[in-house]
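Below you'll find only one chain, the form predicted alone, shown as structure tokens.
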């Protein structure tokens, strides 16, 4: 069983990395023929960087739009960020000091992550205008992430898993010399769903993670009067004339 999970994670990692790289290249090559920054927009490149920073870290536009969605969305994303940082300890030895310091916060960030997801799920069910535009996959993604978070909390606070064996397994994946995984039901559920998430991620709506950096409404400088905007393909056509 440990070998099966090792092969699953190797394949899932390849799909995730190659799929993400392919989509990022596609985003980078997609032409932006129009100047369409959402106003009020920054007029300098430094301002664009700060705008993207506020958008990625604080969800600025969502905060201005709807406070309840912002609360649950920010709780989930920041909780997930800390949880992922906490999980880095399973892949490195020795564990870096910043990762050691984040451990206590990462534990309770799992609760924030699950609560945020639960709030987003309730919103999709009970808010009419959101339910109207929700596809079955929207509910399935939220349920998948909730069960991943819940099973992780189960291993920490209810059915304890041998984390030393887990670390030996994942640390060994780097050299293809993985050890044995504990056959605990919450752990197997957790890992199985994580594999599913990794494989489907590059083909899903979750691609807004890298996509936000390539959004013309966010990454463009508002200077159409000072500088004419030409997409690379349009510039090439103009030079031919």
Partner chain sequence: MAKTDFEVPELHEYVDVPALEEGVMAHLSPFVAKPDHQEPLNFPGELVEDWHDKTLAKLDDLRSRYRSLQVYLDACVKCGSCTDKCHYYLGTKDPKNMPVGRQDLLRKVYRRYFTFAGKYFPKLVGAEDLTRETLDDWYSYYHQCSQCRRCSVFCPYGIDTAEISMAAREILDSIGYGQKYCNEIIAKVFKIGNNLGLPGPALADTLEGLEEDVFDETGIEVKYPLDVKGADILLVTPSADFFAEPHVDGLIGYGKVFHEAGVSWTMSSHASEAANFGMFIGSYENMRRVSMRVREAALELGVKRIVFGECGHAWRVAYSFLNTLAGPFDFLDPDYPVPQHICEFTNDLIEKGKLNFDKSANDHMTLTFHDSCNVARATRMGDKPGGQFEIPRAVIKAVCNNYVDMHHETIGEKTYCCGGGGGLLTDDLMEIRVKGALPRMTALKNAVEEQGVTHMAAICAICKSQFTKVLPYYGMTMDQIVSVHQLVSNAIVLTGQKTEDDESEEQEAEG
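Take the two forms, find the largest set of C-alpha atoms that superpose within 1.5 Å, and that set is the rigid core. Numbering follows the first chain given and starts at 1. Note that the structure is a prediction, hence the values are computed from the model and not measured.
One more form of this protein exists, namely the form predicted in complex with its partner chain; it is left out here, but the text below deals with it.
Novice: The chain here is shown without its partner chain. Which stretch in 148 to 156, 108 to 116, 85 to 93, 134 to 142 comes within 4.5 angstroms of it in the predicted complex, by heavy atom distance?
Specialist: Looking at the other structure, the answer is 134 to 142.
Novice: Which residue, 185, 203, 174, 53, is the contact with its partner chain in the predicted complex, using a 4.5 Å heavy atom cutoff?
Specialist: Of the listed residues, the single hit is 203.
Novice: According to a 4.5 angstroms non-hydrogen atom cut-off, is residue 191 in contact with its partner chain in the predicted complex?
Specialist: Answer no; every heavy atom of residue 191 is more than 4.5 Å from its partner chain in the predicted complex.
Novice: Although its partner chain is absent from this view, report whether residue 229 comes within 4.5 Å of it in the predicted complex, heavy atoms only.
Specialist: Within the cut-off, so yes.
Novice: Can residue 160 be called a contact residue for its partner chain in the predicted complex at 4.5 Å between heavy atoms?
Specialist: No - in the predicted complex, heavy atoms of residue 160 and its partner chain never come within 4.5 Å of each other.
Novice: Looking in the predicted complex, any heavy atom of residue 13 within 4.5 Å of its partner chain?
Specialist: Residue-level check for residue 13: no, no contact with its partner chain.
Novice: Taking its partner chain in the predicted complex, which residues of 32 to 55 have any heavy atom within 4.5 Å of it?
Specialist: Contacts from 32 to 55: 32, 33, 34, 35, 36, 37, 38, 39, 40, 41, 43, 55.
Novice: For residue 229, is the C-alpha shift between this form and the one not shown 2 Å or more after core superposition?
Specialist: Indeed, residue 229 is displaced by 2 Å or more.
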